[in-house]
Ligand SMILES: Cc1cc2nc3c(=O)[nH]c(=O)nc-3n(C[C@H](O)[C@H](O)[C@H](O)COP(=O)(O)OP(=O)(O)OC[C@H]3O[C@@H](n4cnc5c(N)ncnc54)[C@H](O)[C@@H]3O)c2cc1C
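We begin with a single chain expressed as structure tokens, specifically the form predicted alone.
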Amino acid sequence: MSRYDVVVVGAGPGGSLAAKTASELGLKTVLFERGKKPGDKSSSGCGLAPRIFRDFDFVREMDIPGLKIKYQSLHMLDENLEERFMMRWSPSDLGEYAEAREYFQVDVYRRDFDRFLANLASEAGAELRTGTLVEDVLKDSEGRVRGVVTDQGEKVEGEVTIAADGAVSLISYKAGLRDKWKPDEITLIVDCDFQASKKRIDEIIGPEEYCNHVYVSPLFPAPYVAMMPEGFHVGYGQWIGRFASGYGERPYEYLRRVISSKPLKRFIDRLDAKPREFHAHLLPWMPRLPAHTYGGGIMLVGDAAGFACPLEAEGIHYAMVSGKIAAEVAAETISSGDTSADGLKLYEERWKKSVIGEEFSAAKEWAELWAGIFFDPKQWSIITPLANNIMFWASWSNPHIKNLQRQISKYKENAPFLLEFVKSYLYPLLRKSNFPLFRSLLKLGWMWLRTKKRKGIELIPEG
């Protein structure tokens, strides 16, 4: 039986950072990966947020293909899947550091990024064992995790086990930390990877114009187009609970409708892109603070812990942050001789004080915003026409003052919907952000709406 200080399961971003950090802290570390190579089992591409390059200096040194995404765009389609409104924006001057002002993200393939990080862990001294599935955990008489069992029946002991084995974490289940995700805590993501030559992408789009896209319509939940070094992904997600309750159509039907829509078809044709691979995977998307992230002898990091952003489910940065924190806590508790649940509670205390805890301070509000707007197609039958009318005052159809009067009248007609939108989604976030002036104005607006309702003005019904 082999023995280590730290056993890490899963060589994704969280696991590799945990193994790298633990090794640098002088701990004997083993890193297990079920794929033949790190990245083999991951969905094809991902976006690296600017804060990854700010917080982890070594990422700046990586030499792998990537695209700097300098624009984001939102496309609003009608019931005929015709584009009615589009807006595009670049990084804001409000960014606190250079990368945040330069680009939104760097899109790379996970096969490249995961291998880069796993190699760093190996160079730091971690033993990387690929092609090995960890099937169970070892426990002592008190129920504390003391290591793992591989698919070959090998028992590997460890003072601390760090589970970084993704959303469907077998280790968290075997350790007794989680039975299963709740229906509103996990999403099914489906996407199609298209191949297009880098030369054609640069000819049609250009390096200074790399842009990711979100499409909204009354006919499907918001899909995305994410540019990649050798093509792009088209995909979307939805909470499992909605699929299970019969909400909408089957995932594949939505994806087929997205890809065959006129704007997407034009995009695909312009780049002469060909479908290369279909992906379907689960991703935690928590409307609440993650719980049960540690136990006796074990800590969960990344997706295994539920550390994906509650607004748009970005998880790479939080996986890396939690992996680093877990390794540092492992070093401290091994040194003190207390790797019990009481000792490892330090892990939860640390991640709650980190950017992870800060992001999840408004988890409910962020998740409800995405669920109620972007994951709810029926909203766009109202929002899209309103957005399309934004510049009607500038139309040459009539005198501009007359156009403005018609425009104001239309917005006044939809005031109940707009105020309900503000009350349900914007006000909760502003309240969390502690803006007294905005709160007062929104309360006055809502009081006005309630007064009009009592006077008999019909509100737009739900649905």
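The first residue of the shown sequence is 1; numbering continues from there. These numbers were taken from a predicted model, which means no experiment stands behind them.
In what follows, reference is made to the form predicted in complex with the ligand, a form of this protein that is not presented.
Visitor: Contact with the ligand in the predicted bound form for Gly47, defined as at least one heavy atom pair within 4.5 Å: yes or no?
Guide: Judged by the heavy-atom cut-off of 4.5 Å, Gly47 is in contact with the ligand in the predicted bound form.
Visitor: Indicate whether Ala22 is a 4.5 Å heavy atom neighbour of the ligand in the predicted bound form.
Guide: Answer no; every heavy atom of Ala22 is more than 4.5 Å from the ligand in the predicted bound form.
Visitor: Residue-level question: is Tyr224 within 4.5 Å of the ligand in the predicted bound form, judged on heavy atoms?
Guide: Tyr224: yes, in contact with the ligand in the predicted bound form.
Visitor: Spell out, yes or no, whether the shortest heavy atom distance between Glu332 and the ligand in the predicted bound form is within 4.5 Å.
Guide: Close contact is absent here: in the predicted bound form, Glu332 is far from the ligand, nothing within 4.5 Å, heavy atoms only.
Visitor: Just one of 129-137, 333-341, 379-387, 287-295 has heavy atoms within 4.5 Å of the ligand in the predicted bound form; which?
Guide: It is 129-137 that comes within 4.5 Å of the partner.
Visitor: So, a 4.5 angstroms cut-off on heavy atom distances: do all three of Glu185, Pro310 and Pro428 pass it with respect to the ligand in the predicted bound form?
Guide: Spot residues vs the ligand: no contact at all.
Visitor: Lys174, Arg110, Arg350, Lys324: which sits within 4.5 Å of the ligand in the predicted bound form by any heavy atom?
Guide: When the ligand is considered in the predicted bound form, the option within 4.5 Å is Arg110.
Visitor: Taking only heavy atoms into account, state which residues of 1-22 are within 4.5 Å of the ligand in the predicted bound form, ordered by sequence.
Guide: Heavy-atom contacts to the ligand in the predicted bound form: Val9, Gly10, Ala11, Gly12, Pro13, Gly14, Gly15.
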